[in-house]
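Provided below as structure tokens are two forms of one protein chain, presented individually as structure 1 and structure 2.
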Structure 1
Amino acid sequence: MKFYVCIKQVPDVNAPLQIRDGELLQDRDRMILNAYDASAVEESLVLTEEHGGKVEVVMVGPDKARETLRKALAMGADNGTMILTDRPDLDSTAYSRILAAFFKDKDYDFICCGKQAQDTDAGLTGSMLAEQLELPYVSNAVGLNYENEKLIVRRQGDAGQEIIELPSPGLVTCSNDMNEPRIPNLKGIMQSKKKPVDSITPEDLGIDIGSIELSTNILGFEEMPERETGKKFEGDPDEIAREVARLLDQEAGLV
């Protein structure tokens, strides 16, 4: 069984940030493996440790993101591929196009992605990639099992959990609620330095990264407006209920 896991380097959400003149200023020295992708790596490793197989990771990003890819190798992934680009404004459409070009001649049983990236929270790359590769697809997985050459996916839906069989080859996006990703130990860290990491560019895949079309354009950033002070009610419960209903109807227009 062979898994590919698509991973991304993102800013540490606990790092300080500022918005100045419509631009987002972040500490670029505090970049980490996307938490949702870490869960996808962990679940792939658990399944291959139980059933046998191989886990490869692939990342689109700048060369300095290589250390983040090495973390996935230190967790236990067998090898990785860096698709090198310094273009900072890539959106879900661009990532999915690049990854689809990468996977078009690859053999695999399943592709795993994080449900979303914690920097944009768009949650679109996995579904777009599945569409371009014409793969069956399950989103928001919170549990995976492998039976009869199929993934048994437990996914979180709007009204509860669903159990879906995903045939091979297929694609699944993983929630960060599905497991607790392992922390690489010293042995894993040392072994990761010897594991192969291929480096290619989008141009090697037939994509001109300079002219790739985006579906999303960021116009700027603004501070969230402060919430209005809430209203406190005191007195008879029946009178309070009537007053709340009146306010919802006449002032908020919600009734």
Structure 2
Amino acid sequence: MKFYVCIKQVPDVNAPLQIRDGELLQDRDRMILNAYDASAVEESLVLTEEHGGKVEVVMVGPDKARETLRKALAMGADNGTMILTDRPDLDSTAYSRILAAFFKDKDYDFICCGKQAQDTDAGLTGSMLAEQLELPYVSNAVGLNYENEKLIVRRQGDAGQEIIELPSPGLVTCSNDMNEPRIPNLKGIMQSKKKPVDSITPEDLGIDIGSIELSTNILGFEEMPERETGKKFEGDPDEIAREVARLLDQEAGLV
């Protein structure tokens, strides 16, 4: 069974953020593997460990993002491809086109994506890619199994969950609720250095990256409107509980 996992390097959303003149100043030092992609890597590793097969990771990004690709290799992926571009403004449409060009002549059973990238929270790339590759897909998977050459996907829907059979070749986007991604051990880190990583450019795939015109653009960033700091109640639990209940009634009219 052959898995490809599409992984993206994203800024750590827990790191302090700063906006200046509408621009987001990103701390290049706090870039990490998108948590949803880490779950996708984890799950494909678990499945190939059980049923045999290979896991390849692929990332579109700048050369500096290579360390994040290494992290996936250190987790256990067999090899990787870096599709190198320094263009910082690409949107999901652009990424999915590059990835579609990459997958055009590849053989695989399943492509796994994260359900969304933690920085843009867009959640588009996976199904865009599936549509371009004319693959069946399932989004927001919270559990994966493999039976009779099909992935059995547990998908979190709006209210309940659906269990869906996804034939090969197919694409699935993964939630981080399906597992705890392993933290690479020392051996994994050491092996990752020797695993093969292909470096190619979008041009190698027939895409002239410079001339891609984006149909969605970021015009700028703003701070979230700050909530006014409210009141904090400390002291005797009985008293403060009753007081807040009364305030909810009187001040907020919510009871």
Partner chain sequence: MNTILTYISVSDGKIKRSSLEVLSKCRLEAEKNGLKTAALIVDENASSLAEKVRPYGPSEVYIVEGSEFKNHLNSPVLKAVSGAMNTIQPKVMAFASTENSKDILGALAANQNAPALPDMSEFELTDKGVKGKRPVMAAKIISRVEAVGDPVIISVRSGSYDLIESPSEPQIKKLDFTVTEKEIKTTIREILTAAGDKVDLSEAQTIVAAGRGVRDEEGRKLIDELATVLNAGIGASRALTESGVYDPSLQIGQTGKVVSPQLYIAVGISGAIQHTAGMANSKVIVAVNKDPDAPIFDITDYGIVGDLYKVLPPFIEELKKLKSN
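Along the sequence of structure 1, residues get numbers from 1 upward. We call the rigid core whatever largest set of C-alpha positions still superposes within 1.5 Å between the two forms. Treat the numbers as computed from the prediction; the structure is a model and nothing was measured.
The second of the two standalone chains is derived from the form predicted in complex with its partner chain. 47 degrees is the angle through which the smaller rigid part turns against the larger between structures 1 and 2, based on C-alpha superpositions. On the core-superposed pair, the CA position of E228 changes by 6.3 Å between structures 1 and 2.
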